[in-house]
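For reference, the chain that follows is the form predicted on its own, supplied as structure tokens.
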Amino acid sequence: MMMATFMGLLGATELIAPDLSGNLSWIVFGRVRPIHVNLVLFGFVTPGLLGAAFYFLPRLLDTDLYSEGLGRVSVIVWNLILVCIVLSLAAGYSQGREYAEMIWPVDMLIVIVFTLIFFNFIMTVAQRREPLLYVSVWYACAAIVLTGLTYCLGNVIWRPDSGALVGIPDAILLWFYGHNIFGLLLTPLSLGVAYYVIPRVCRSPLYSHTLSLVGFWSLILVYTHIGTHHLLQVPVPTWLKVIATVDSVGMVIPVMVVLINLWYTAKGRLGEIHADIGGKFVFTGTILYFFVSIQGSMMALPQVQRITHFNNWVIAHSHVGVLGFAGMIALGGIYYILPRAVGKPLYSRYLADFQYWLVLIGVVGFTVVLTIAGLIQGNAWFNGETIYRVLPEIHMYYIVRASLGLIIFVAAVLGFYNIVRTIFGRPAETVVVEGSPTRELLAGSESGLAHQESGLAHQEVAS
């Protein structure tokens, strides 16, 4: 997260002072920006969510992880990929496609690591002792297999020389992949973590197992088709535009089903959520999920998109989605699971709370500032204003944006320090986590809650 946010801060600073990088080609904005985006996606949010999935899958399935060794290999390969991403993009080796900039060898490493993770997950499911598959398991497994497939398609891995098709078909395929990186990777993994953490923090079974499955299948059916709403102003087939717009509006269904389920689980128990820093991050992420999803449905309407597309409005939207929704839940999953995984209390609840507020201020600030800048750009261009007259008008907003980026970077540094001290700090004699039982009792309580959740689901299925 530190490296990703630093690159974002550097890029935001270069928008204020374009000559900042001088003649250093490896840190010009055109290279810093894809490094920032890919490190956020693949270096911060996805590993954070996957780490939580590796923790909760065996507990919900009442079994051991199929292969710890395979999991370690996956981590090593994943980190090798991150190094390759930074070095190759900084050196100027890029396929020049949104969210698909990585060159072919890196693409193949990503496909390999997704294959390893999916094999580990599915074999863990196969050897389970718990007969019912809790919805977090559905989300985690679906995210890996669907993303592995869409990654191959979107990065056109059968064309190593270019990694792309030609013309409009390439744009269609790219945005099928580009939007599904969020919809079939970050969203399912985030919801899987939320479905695990919120009932645990509230010490209450999930409100409705049936609603959780409705939310899962409606997400899979609706989200996969909406990527073309990024291409409403280009000559793609009209029927594809209609499907993308209708499904984008239809995303209200899976979003509200999921949020009703999670929020009713937490109804009357907000005190417990506030008392647990992991639950606090995760629950805030669900609130931001509501805002980013409603905004996304609205932005897909052609009349709205004529003003809001191809400007900073979209950047505001993506920050709410990736940092606000998925990022908050990833941090919540880390803070909830880490003390239990290492058998030590969190080093500093104060630092974690401070980081929470810094991230929240940064996300809200990004949303407000970039939305205003985007509306200025959209209206100016809609009315025929030239770019050189618009840039001075939004310069002040770029300064505020960089200042907010500094806040986010400080939050990342604090979080890194807190996590490192938790892992490598002196072990406590007795482990108490946010008022929970000791680690020995904690394992039993986790198993008990999983059986309680499964029992509720069995009752609902029977009824």
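Keep in mind the model is a prediction, meaning the values are calculated, not measured. One-based numbering along the sequence shown.
What comes next is about the form predicted together with ligand HEM, which does not appear here.
In the predicted complex, ligand HEM sits within 4.5 Å of a heavy atom belonging to S297. Contact check for I408: a non-hydrogen atom falls within 4.5 Å of ligand HEM in the predicted complex. A residue is said to contact a partner when one of its heavy atoms sits within 4.5 Å of a partner heavy atom; F44 meets this definition for ligand HEM in the predicted complex. Using a 4.5 angstroms threshold between heavy atoms, G321 counts as touching ligand HEM in the predicted complex. In short, of 186-194, 210-218, 119-127, 104-112 it is 186-194 that has heavy atoms within 4.5 Å of ligand HEM in the predicted complex.
Taken together, the three residues L9, Y289 and V292 all come within 4.5 Å of ligand HEM in the predicted complex, as judged by their closest heavy atom. For the options Y177, Y223, Y134, F283, the one in contact with ligand HEM in the predicted complex, meaning a heavy atom within 4.5 Å, is Y223.
Of the candidates S348, S94, T265, Q305, Q305 is the one whose heavy atoms come within 4.5 Å of ligand HEM in the predicted complex; the others do not. Residues of 222-244 that come within 4.5 Å of ligand HEM in the predicted complex, judged by any heavy atom, are Y223, H229, H230 in sequence order.
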